[in-house]
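Next up: just one chain, as structure tokens, the form predicted on its own.
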């Protein structure tokens, strides 16, 4: 009997020992080795980004030339004024605009520059004296008697960041405060034209706010322009559907160098650009043009233009090595049987440029060559394409695709053409303001969406690389917001680009999808065959031991009674 009792006692101790090892060592070890690794993320800082609070600061310098202020008023400048404007867009978006205006009188060299015979020459001379900072605006107040501006014009906006404003004569008794107050509305109009307007910023936030808050014109511009990206691929294609009749020659390299490259060089702070070209033979439009006997020509109506792109796009090809968006510009030369070919708008009028564009895709121009040779000419006919005519159209379309909005100046304003540069300095600033705000809004939306996803689904692995990208995006976003507040537009744009790159790399990291969908039934199917055969004997032994202990206690109580 003693040996049997000893054997039972050993069995109890063995069961307790095994249970202790499983509970104290096995289960913690299994829990630690099978847990999902989740690196630390700055969730508190990310939650702050969900509420977008932006302050945009613009430096405005107002320079009074000789004859605009009395000697008494001149002695009271230089001075500075700050004006702030706050706009609560919605519950999570607030915009504040800060205009810091500095007033001073013109220097001797600036007075000499303003004595040039034309406003364009004066603008160039002022630029040679000093170059204004990116995002800033300089307004020169000239007397009403100045011949720099035509009689019906009050404001001249040059190619740089300088404007000339003709001021009405101030009354002799007017103080400096009254003078500045009378100038403020006109200076604000200049600043809105050369930097940004409230509608420009709302259009940049169109993916985040209600569309009804954005004007139709700005919304159309925003939907037409391609989304902000660190790089773009630009492809020029010559479509020759009838190589047996037309042997086409185009100097695309010279055309890009003369017309497109200056614009791309100007836009280099925004993105990297790569340009290529190709010639496609036997490439036809997907729509059959209709012959109009009244003009003895074939026509394409506006309603049919949407059906032109898809068949042609299948022939264009794509650069599989690049993930950058592509802008396509097609020059289509109609075959001899369908020439001439003209594009008509919705009002049935011929489009002057004989071209059209598709939002965020590119443009197509129809180039008729039937008048370049006689009917009895021997085929194929050699055709030299006028690149100045073609590139002028493509340049205008490219500006629209890249978000360079067509500015509608207020009455009395004249805007100097950017010329061969393709883009004025202040137009670049407007685009940089919009792109910076758009990048900040996009990156903050991406990073907050990622944080919500990771918080809701605990099975997703967060490795150190993702945590680093998220932290980098948050840091860059905070820096971009700070630089916008300080008025450092160039730095704000750079930080916003870094933020959107880091946020997208984190959001689209392939490792996030590894355990994105791992349902509970699969967990039970894996763990039950592993734990059930081991746990059942242990649990039965523990239950038996507990039952014997309760039985002994009951017997002891019965003996005492």
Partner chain sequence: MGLGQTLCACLKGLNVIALRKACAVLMVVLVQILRSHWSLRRLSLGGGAEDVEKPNDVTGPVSSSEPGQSESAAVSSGGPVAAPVSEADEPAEAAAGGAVSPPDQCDEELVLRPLRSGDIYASFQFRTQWDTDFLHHGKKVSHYRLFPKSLGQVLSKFSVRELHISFTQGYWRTMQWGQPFIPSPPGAELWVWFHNTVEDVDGNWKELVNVLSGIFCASLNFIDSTNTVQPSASFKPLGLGNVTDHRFLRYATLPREIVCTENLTPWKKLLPCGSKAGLAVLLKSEKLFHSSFHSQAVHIRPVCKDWQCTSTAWELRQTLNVVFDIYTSGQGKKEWSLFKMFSRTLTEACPLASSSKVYVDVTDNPEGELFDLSPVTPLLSTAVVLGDRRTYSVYDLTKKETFGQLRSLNLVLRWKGESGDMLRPLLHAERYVAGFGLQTGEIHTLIYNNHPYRAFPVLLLDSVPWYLRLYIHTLTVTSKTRENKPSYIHYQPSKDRLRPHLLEMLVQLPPHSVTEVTVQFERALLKWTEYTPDPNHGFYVGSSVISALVPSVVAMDTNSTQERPLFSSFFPTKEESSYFVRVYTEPLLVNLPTPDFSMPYNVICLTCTVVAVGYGSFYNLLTRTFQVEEPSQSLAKRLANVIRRIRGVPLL
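Residue numbers count along the first chain shown, from 1. For the two forms, the rigid core is made up of the largest set of C-alpha atoms that agree within 1.5 Å on superposition. Keep in mind the model is a prediction, meaning the values are calculated, not measured.
One more form of this protein, predicted in complex with the partner chain, exists but is not displayed; see below.
The listed set 412, 175, 392, 325 contains one residue whose heavy atoms approach the partner chain in the predicted complex to within 4.5 Å, identified as 392. This chain lacks the partner; the member of 460, 424, 119, 256 within 4.5 angstroms of the partner chain in the predicted complex by a non-hydrogen atom is 256.
Although the partner is absent here, residue 4 sits close enough that one of its heavy atoms falls within 4.5 Å of the partner chain in the predicted complex.
When contacts are judged by a 4.5 Å heavy atom cut-off, residue 525 counts as touching the partner chain in the predicted complex. At the 4.5 Å threshold, heavy atoms of residue 27 stay clear of the partner chain in the predicted complex, well away from it. Using a 4.5 Å cutoff between non-hydrogen atoms, residue 100 does not count as a contact of the partner chain in the predicted complex. The stretch in contact with the partner chain in the predicted complex, judged by heavy atoms within 4.5 Å, is 529-537, chosen from 52-60, 497-505, 529-537, 39-47. Along 266-288, these residues reach a heavy atom to within 4.5 Å of the partner chain in the predicted complex: 274, 275, 276, 277, 278, 279, 281, 282. Here residue 535 counts as shifted, since its C-alpha moves by at least 2 Å between the shown form and the other one after the core is aligned.
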